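Here we start with a single chain on its own, the form predicted alone, put down as structure tokens.
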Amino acid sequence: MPTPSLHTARLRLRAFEDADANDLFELHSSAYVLRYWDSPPWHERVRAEKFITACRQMAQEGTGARLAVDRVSDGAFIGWCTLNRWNPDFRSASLGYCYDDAAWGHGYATEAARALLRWAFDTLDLNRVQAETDTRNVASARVLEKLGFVREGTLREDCVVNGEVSDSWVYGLIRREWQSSAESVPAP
């Protein structure tokens, strides 16, 4: 399935382009942005190029979609969101996202994820979407809960972030819960 191009009132979600490599490297080289991430910050720009290649490969293989997120008002790249680990037999996938710290606190992660989830449930006919977040990342947990995700459990000591062992919360969103939440939440 081709990578979708999605729009909200304030955001444009699109396939990554080669020209995104510098912005992507800047995002993923920030130790502050990645402080709860399950891999260290990037130190080589070539990592951004490999990331973009992996995005294209994921789309070609039909295993997921990773979308760059631009702010409509000024065209600025502010981060990305993804649906990966698609399983057509189980009609499931995983949600993930990463945003520049200047974009935090403006509702962009929720808005972009809502658009991606709408596409996932409507176009891909998914039944379940899962997400995980470091238990220390309260802001990310809030994003998931605003979207209707339910915390289903804790993965104990499942990551080592900057040499520190950490736990993750597992969240799930079921199609029937999304439908009722989507009806009660105005479209962005």
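All of these numbers come straight from a predicted model, not from anything done at the bench. One-based numbering along the sequence shown.
We do not show the form predicted together with a small molecule, though everything after this point is about it.
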Note to self: Just to confirm the contact call: exactly one of 129-137, 63-71, 39-47, 151-159 touches the small molecule in the predicted complex at a 4.5 Å heavy atom cutoff, so which is it?
What the structure shows: 129-137
Notebook entry, point to check: Of these, 103, 81, 93, 115, which has a heavy atom no more than 4.5 Å from the small molecule in the predicted complex?
Noted result: 103
Check: Looking at the partner-bound form in the predicted complex, is residue 56 within 4.5 Å of the small molecule by any heavy atom?
Finding: no
Notebook entry, point to check: So, in the predicted complex, is residue 86 in contact with the small molecule at a 4.5 angstroms heavy atom limit?
Noted result: no
Check: Would residue 52 sit within 4.5 Å of the small molecule in the predicted complex, counting heavy atoms only?
Finding: no
Note to self: I'd like to know whether residue 33 contacts the small molecule in the predicted complex, with contact meaning heavy atoms within 4.5 angstroms.
What the structure shows: yes
